[in-house]
Structures are given as C-alpha cells and as structure tokens.
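Coming up, as structure tokens: structure 1 and structure 2, two forms of one and the same protein chain.
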Structure 1
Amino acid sequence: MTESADEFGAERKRGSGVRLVYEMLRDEILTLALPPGRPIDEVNLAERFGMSRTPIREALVRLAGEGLVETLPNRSAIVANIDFMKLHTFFDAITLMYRVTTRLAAEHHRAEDLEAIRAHQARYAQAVADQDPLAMIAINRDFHATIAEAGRNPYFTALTLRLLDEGRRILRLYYQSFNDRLPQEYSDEHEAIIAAIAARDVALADRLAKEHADQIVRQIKHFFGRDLRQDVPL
C-alpha cells in the first residue's frame, strides 16, 4: 500500500472535511470506481483523508440518506447495490420526471436558465465528437439537472437529481460494454428539447422528453435483456 496518509493539504478549514469526503465518495460511487456491494471501511477512509472517523461517518450518513450507501447495524457499510429486478421502477420514475421537469422548464425558465442549458448541450456535443463516453454521461446528467432546476419545483428537482445520479451508474455499465456506440441521436433530441423550452411549448416539451426517455430506456432494456440471460450481474 502506498504511503498516502496525507493525500490532501495538511490544514483544512473547519467544516470543509465532511463535504470533501462526501463529494469524493459520491463521485467514486457514481463512476463505479467503488463498485456496488464494496464494503466501506471507516478507519481506512479516515487514514486516506487524513482526518478522524467522525467526519467520515457524517459523510456516510448523508450518502446513506440519498441511498448511495447501505448501512447494516454493527457491520460495515457497503456501496448501494443496483437492483436489476427493480430496474423498471427506475425507468418509470425517470420517464415521468423527464416529462414533468421539462414541462415546467418550458413554463418557468428564465433567460439565464436557457444559457446554462445550451452551455451544457455544447459540451455534450463536444463529448460526442470526442467519443468520450464518461464525459457524455456526466454532462447528460448536468443537462437534465439544469432543466429540472429551471422548472423551479424543488421536490421534483430533488427526485430528478437522485434519479440522474442513479442513472449515471446504470449508463456507466451500458457504456462499458458498448463503448463505441456514440449516440448522435441524443444530441439531436437535446437540441429539439431546448427549442421546445425556448418556445415555451409545454405540450411539445412533454412529448419530446417522453420520447427522449423512452429512447434511452429502450436501449438499456435491450442491452440488459440480452446480457441478463448470459450471466447474472452482481
């Protein structure tokens, strides 16, 4: 093991430790750097981040609240598993939230929201051109997250963000297998959605969002439908 006890600066500001651990763990979970089911050792993390177990523990509690880690009493916490049996509930939920948030964005967006959305789409198109699946996954999440926030309903936004994060893990599995397919289609659909929002065409935004979601769900279903028969994932 490498001697990396002091991976981060010696002195941090008071209160910044938890956020650091939280964000880093969260990112490692969502990128599958920490695979589902992997045990999370507190003292291990404490040494790695050069701090006590207390802030690590707080970060884990927050992650558990978002469903990204599962805690068993008196036993090690583990990275939340992806329940493939309940994947259809995820598809239902994200389809509905895509529709609702895009509708609301068409209704309530302001000029600066559109700017932010277009900026994400530009980065997305670039990632497609670069054939960079990891960047596409992350930017796709930001794209829809910004649309959700433009809808200005914190309850819908919160659920959408949670679903988008969960989706990052699922998409990641998808692209690990089909890492050559590059969905130019998605980029075009994004452009159409932006146009509908800008035109404040609620009905069109709804329809495009549903088609966009259906498109993604169809591809993932096709992928898993083929693979699940061969070997059962963890």
Structure 2
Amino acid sequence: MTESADEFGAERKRGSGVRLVYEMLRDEILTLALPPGRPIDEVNLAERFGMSRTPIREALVRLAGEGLVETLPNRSAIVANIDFMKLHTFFDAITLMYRVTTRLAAEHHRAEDLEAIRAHQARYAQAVADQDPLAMIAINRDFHATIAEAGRNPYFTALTLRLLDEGRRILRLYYQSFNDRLPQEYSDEHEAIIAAIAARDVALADRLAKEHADQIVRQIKHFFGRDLRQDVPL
C-alpha cells in the first residue's frame, strides 16, 4: 500500500515544521536566550510557530535526545539545567577525550581526514572573524568530532560527540566571556593541533590538546568567579 500524494505532502510539511522548531529552539537554548530551567509551554510554541503540537513535541524529543531539554514526570518540559556543582567532572572528561582522540588522530589519520579537519578550521577562523558564536560552537564541534573520527576508535568518537553536544552551552559561556571576540591566539591553537597531527607527533598532539582544553577550563572558571564576585552584596 503506497502513500497518497496528499499524505506524502503532509508528512513533508510536518517534517519541515519539526526541523524549524528544533533549529530555532536549539539556537535559543545555546545562546542562553532560553535559560536553563525555563519551562517550555507546548501551547505557546504551537501558537508562536502556527502549527499543531505534534511537530512541537517531536522537536522537543529531539532536543531532549541532545541533552538540551528535560522531560518532567508530569510530561511537561524545561530547558535542561547545567549542573555547575558537577562541572569539574565534565571538564575532566572532555580534557581526557581531547587528549586521547588527538593522540589517536596523530597515529591513524588519513589524507582525507586532514583535508576535512583543515576545512573545518578554515570555517572556524571565519566564524571567529565574524564574531558569530553560534557558528563557532557548531564548527568547533565538527572540528573536534572529525579529529575523533580520524583516530578510528568508534567508542572514543561516540563519547567525544556526547561530551561536545553536552558542552555546547558551556562553550557559549566561554565565548561570552570574551564578548564573542575570541583572541586570535586561541583560534591558532587549532592550527598547532592540526600541524602536530599532520606530523604524526603523538606526544606533541597530546600536549597541545591538553593545553587547549586547560585554557578553556581556566577561562570558564575565571568567568564564573568574576560573576560570583559581582553578585556579592555590599
């Protein structure tokens, strides 16, 4: 039994609606326009986007799968909270994955891997020049994901992808700490990592990956510390 043209058109329209809602809500969550813990009202979203609640729910399921939305026991949803008390465990994990995957990429990369990594870095450098934080977040993910894939260990790749996705809002705070004007030296850290991978210098790749992660962690901790000091009443 085949779908009618009307059914097929309706399915495509719903799919487009899901993608629209997903992309707009994802961007608002990543930019912190929708802050952690904010309730998500399906009825209001349906009115806002001019569509039924079905594509809204499908988009929320997709966002929940990425750790950006939490579904509560009463079936309502909120923007996923960031557990700042456990942030050190995330930092430990992402630093380890940066080191492991960059080491493996230096050992096992192929020519096409380097080509893809360099292409992502060119896009990242342009996003930095444009002061486009959403592009920086997305392309940074692609850059490190491609390095992980070049290491040819699917388990490490899967864990790295999960950490990169969970850390996107943390990275937004990182760029925000520079007012979205990332210093050129930090963009150039990617270039140094690429050179170490290309040279198959495993020890250097490991060291540069650790320094890159450590720099991000220090900046975020400094940003949080500065904000906390500003909140202390006199």
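Every value quoted in this text rests on a predicted model; they were computed, and no experiment measured them. Heads up, when I say rigid core I mean the largest set of C-alphas that superpose within 1.5 Å between the two forms. Residue indices: 1-based, along structure 1.
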Problem - Structure, 1 versus 2, that is the form predicted together with another copy of the chain - result: 1
Exercise for the section: Kindly check if the Cα atom of Asp214 is displaced 2 angstroms or more between structures 1 and 2 relative to the superposed rigid core. Expected result: no
Handout entry: Large Cα shift (2 Å or above) at Asp165 between structures 1 and 2, core-fitted
Key = no
Handout entry: Rigid-body rotation angle between structures 1 and 2, smaller part relative to larger (whole degrees)
Key = 19
Handout entry: Rigid-core-fitted C-alpha displacement of Gly50 between structures 1 and 2 (angstrom)
Key = 11.5
Handout entry: Distance moved by the Gly65 C-alpha between structures 1 and 2 (core-aligned, Å)
Key = 6.7
